[in-house]
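In the form predicted alone, a lone chain appears below as structure tokens.
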């Protein structure tokens, strides 16, 4: 049997299946016994919430000091911990206890009610529903004195199979024990996918039939083909071992500049989230930084950091890359990264609301302080600093940001292309911006009107779609006409086959998770620019795009 899904990276892993434990069963709805008073039950809930919060905070702290992949989870875990303090949620649970429910049942109904409300909102808020569910499971487990569902333990390495992984579970993955991940839900830009790639763990997500796998099944997980082969033959095992050996040979090119077989240079850069991530980026041979996310300075704070604090952190990063390109993105708040001092409460659809540059324009002091800090750090270091704004829609917003940033003394100022409108205005944007960096994750979700966090539409979150590639080509063509560099810093750059197509479309540089650099470098080195352009032509026609089957639509017959 072969199960298909969406592969993350190009790795191959073989081993026995070990499934995530089943979730905690729904507690009984029968009223509690007369000898248990409401005050005692409320105290039990408060204590459980506190213990879960402390556990998540410990996990966040450990993640913040872990490897690059783990550090990406630190802010997510901090946000989860904060959810345990939600007063409305607490009031709902207390009200349930007041109606005679047990503490477990009141927690189940309280969390369930809020989950349903968030799910009904759709978009990014739906993802918060899944996070709430995970917290509710942990609180119920504490009340029942049982272990919360989580990564199973095994004396030998295994292939982890689950419906999906919560952020807390993903952060706890041990690459020494987990050979690969297979999930029946999730998409290529889910937390599971992004963190698996960052930690070099082979993964296939959105594989609906993974639910059929049982403990002990031997499987080959092939991320390159997006397949899971169950109880493979000796021949299949042999072929998989050869493919794995080829992938291992790609590591031999580490440290060489990115480029094509005909000598065309394609700089390969790294996406990093904190200054500490410079180490892994350099270890994997990154030629610089194509995306430095500054959100870590702002998330989980009650107010924005000062200019001095920001300057110190930016300086730490820039000092690691003397003479090399470092692209720093100003704060991208909103949507799945709400900040109490910056983003509106209760936006009905935050993915289409005040996020990115829109939010910064509404809070000018935050933007001014960040640009001032970047300018100071630039003057203190020898890196080649490029600064860009997120979620720019057109040349008017581009001109606003470029003018403001250059007034602070910054020399190379550009914008991110994530909103489809920027592709149609690419020539006008190129006339005012020094560069454009394409964020394919958001560009894809907005082009396809498919939330990148929803497993139900994960098949649409596919940068191979001709519509997405044509938008990229519009931007790349404008870059050629105006002599403007165009890079890609979304997850699409980490797909070796798609990386070749992007270069064929006219993209000048690629930035990705450090762990993806080996495979992309090897793939580019095996083809010429002419071959890349030929593949791009075919990709624009849709030759390589395969729509995912929609499980909600019955196939036509006859």
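Every value quoted in this text rests on a predicted model; they were computed, and no experiment measured them. Residue numbers count along the first chain shown, from 1.
Missing here is the form predicted in complex with ligand PEP; even so, the following discussion is about that form.
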**Request:** Could you check which residue among 412, 376, 105, 293 gets a heavy atom within 4.5 Å of ligand PEP in the predicted bound form?
**Result:** 293
**Message:** Under a 4.5 angstroms heavy atom criterion, identify the one residue in 304, 226, 288, 439 near ligand PEP in the predicted bound form.
**Reply:** 439
**ligand PEP contact at residue 332 in the predicted bound form, heavy atom, 4.5 Å** = yes
**Prompt:** Taking heavy atoms only, is residue 277 within 4.5 angstroms of ligand PEP in the predicted bound form?
**Reply:** no
**Prompt:** Does residue 416 reach ligand PEP in the predicted bound form, with heavy atoms at most 4.5 Å apart?
**Reply:** yes
**Item:** residue 514: touches ligand PEP in the predicted bound form, heavy atom cutoff 4.5 angstroms
**Value:** no
**Message:** ligand PEP is absent from this chain, but in the predicted bound form, do 355, 452 and 490 each have a non-hydrogen atom within 4.5 Å of it?
**Reply:** yes
**Item:** Answer range among 252-260, 324-332, 234-242, 200-208 for contact with ligand PEP, defined in the predicted bound form as heavy atoms within 4.5 Å
**Value:** 324-332
